[in-house]
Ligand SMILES: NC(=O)c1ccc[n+]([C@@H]2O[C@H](COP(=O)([O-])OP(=O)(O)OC[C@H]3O[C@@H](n4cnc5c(N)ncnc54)[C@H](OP(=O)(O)O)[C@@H]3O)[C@@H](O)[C@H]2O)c1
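Just one chain is shown here, as structure tokens, and it is the form predicted alone.
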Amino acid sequence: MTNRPQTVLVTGASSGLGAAIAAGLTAGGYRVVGTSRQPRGDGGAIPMVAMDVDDDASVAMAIGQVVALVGRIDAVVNNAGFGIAGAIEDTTSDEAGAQMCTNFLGTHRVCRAVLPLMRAQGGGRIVNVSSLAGIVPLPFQAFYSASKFAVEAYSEALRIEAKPFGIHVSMIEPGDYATGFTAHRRMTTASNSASPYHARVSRAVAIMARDEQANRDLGPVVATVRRALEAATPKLRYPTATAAQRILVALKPFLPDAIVEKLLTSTYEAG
């Protein structure tokens, strides 16, 4: 870090993980600006700018407002996103497209808007919030997992492309944490009692919600974001999860596919 607080843009900062990251960075001496689709009127303790990551014009306008407000953007934490759940067969192309539009293309829109600024400044940090679900796909959250798999591939490529300009790209890969993500999870329209998957989807989503709400300490995620921002040579990936989740992710490349499948089935389809 420099001697003065760095300016950090945190997307999706109105609640949950984004709000915790924004508050934690502010407490750590960073100058933070948050974004959300509908920011609070009073702005709260952290300045908020309206940004819809689904819309190119909204992203461009918001980035311009942030620069006008604080003069520069030294780092971005791409956190905005949501999750859909339901069987793949019960997911329409529009529902899948909406998931990818926000979680993946939303990340791209923000990166594309800030990269010219960072190049002109001689460097910067981009921290994309991925998920362990972007490494180990979850049944009945296939398109959420797919959106995070896409963020994983995108971030790997962007890290190589941006490095010569002094721009460091990293990913935070959270496991289960208690945030508004659970309450705001969107079920596909066809996830109803008429679906042949209904009982299994209901059981799996209930297990996901239970696991998410069991871990209410967001401090490790905030601390991990700070490590990514402050490391002299930031790593590509920063997994942040329970020991059991980290072990599964670490072992996945070495385990037979059949074993991984059995583990996931036993976890999310337990009677």
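Don't overthink the numbering: it's just position in the shown sequence, from 1. Note that the structure is a prediction, hence the values are computed from the model and not measured.
We do not show the form predicted together with this ligand, though everything after this point is about it.
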{"property": "Interface segment, criterion being heavy atoms within 4.5 Å of this ligand in the model of the complex, picked from 144 to 152, 190 to 198, 117 to 125, 157 to 165", "result": "144 to 152"}
{"property": "Heavy atom within 4.5 Å of this ligand in the model of the complex - the one residue of 85, 169, 75, 80 that qualifies", "result": "80"}
{"property": "is_contact(residue 9, this ligand) in the model of the complex, heavy atom dist at most 4.5 Å", "result": "no"}
{"property": "Partner proximity in the model of the complex: residue 16 to this ligand, non-hydrogen atom cutoff 4.5 Å", "result": "yes"}
{"property": "Partner proximity in the model of the complex: residue 62 to this ligand, non-hydrogen atom cutoff 4.5 Å", "result": "no"}
{"property": "Residue contact check: residue 184 to this ligand in the model of the complex, 4.5 Å heavy atom", "result": "yes"}
{"property": "Residues in 179 to 215 close to this ligand in the model of the complex, defined by a heavy atom within 4.5 Å, in order", "result": "179, 180, 181, 184, 212"}
